[in-house]
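In the form predicted on its own, a lone chain appears below as structure tokens.
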Amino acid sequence: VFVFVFDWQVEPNATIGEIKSMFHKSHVLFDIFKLFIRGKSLKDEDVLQHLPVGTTATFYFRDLGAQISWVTVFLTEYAGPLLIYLMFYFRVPFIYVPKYDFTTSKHWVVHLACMCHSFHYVKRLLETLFVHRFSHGTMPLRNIFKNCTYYWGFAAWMAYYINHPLYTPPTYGEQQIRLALTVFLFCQIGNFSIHIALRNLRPPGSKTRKIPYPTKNPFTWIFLLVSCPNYTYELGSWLGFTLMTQCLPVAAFTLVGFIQMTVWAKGKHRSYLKEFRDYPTLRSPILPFIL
């Protein structure tokens, strides 16, 4: 943490964003940083006259180090699984024994699984580009390596077994596959519906936060019971994919993802309760009445 004494005169209605801009012009070595006062992190939209300061104030600037945009991280971590899975699906050389190079599986569920997996990540890529509005512009550069290891590694592990020449279809055959496909598609549509609803809460270029409520879209009615239904639907999608493929690596990915999404959902739920006094008390973080 660095302490600077400013000899600047600013208007009482100046925002923290404007003060940060003034600081950056004088200290160009600090590219991306956070500003604190009395131990509290300040937002760019905070107004100076609304802060607990007098005619003079001491601000603390913390250099955040190497940063990368959220969009870049999302595009990278989602494009990887899409391409990696397709490499295993087409059985490119050096993955399985040579006699299976560029062969195709005789089981239709393998082809269906490839379509579902590809659809999921193409959807994520398109949502990153055209739907999501990020409240924070950047994240630490190290996150891209951590996130890519997680997504790319699990994609390779799942794809290896699902597309393996010795793969065996689910125990209950076509009936199990059709049920799993129904669950998967239902939750994919639900997840997209929630993302659209959340996007519509925040005007372009704004960081405004509002309580999300159900809309006319029936897939959003789960907001009555859950704070983060996008995670609920995401979990449902991977449960459907697990049931469809009956593959242990997929189940492991689903479990790890559920644990991580639960952590995020609980944090978001606490944030809603703290920020909005009238937040619906009936809601749970991710699973209605349970969790």
Partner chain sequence: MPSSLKARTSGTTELLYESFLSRWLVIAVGLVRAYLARGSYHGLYYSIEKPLKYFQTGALLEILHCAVGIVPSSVVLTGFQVMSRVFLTWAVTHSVREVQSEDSVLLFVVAWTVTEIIRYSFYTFSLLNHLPYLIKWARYTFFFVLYPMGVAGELLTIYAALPYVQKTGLYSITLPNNYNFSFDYHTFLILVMISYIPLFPQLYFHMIRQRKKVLGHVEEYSKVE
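Computed from a prediction, not measured in an experiment: that's the story for all the values here. Numbering follows the first chain given and starts at 1.
What comes next is about the form predicted in complex with its partner chain, which is not displayed.
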Within 4.5 angstroms, counting heavy atoms, which one of the listed stretches 223-231, 243-251, 259-267, 66-74 is next to its partner chain in the predicted complex? 243-251
Complete contact of Y121, I144 and T149 with its partner chain in the predicted complex (any heavy atom, 4.5 Å): no
Sole residue of T103, T171, Q175, T208 within 4.5 Å of its partner chain in the predicted complex, by heavy atom: T171
Quick check on this chain: which one of Y167, F154, Y89, Y78 has a heavy atom within 4.5 Å of its partner chain in the predicted complex? Y167
State yes or no: in the predicted complex, is some non-hydrogen atom of Y161 no more than 4.5 angstroms from a non-hydrogen atom of its partner chain? yes
Can you list, in sequence order, the residues from 269-285 that come within 4.5 Å of its partner chain in the predicted complex, counting heavy atoms only? none
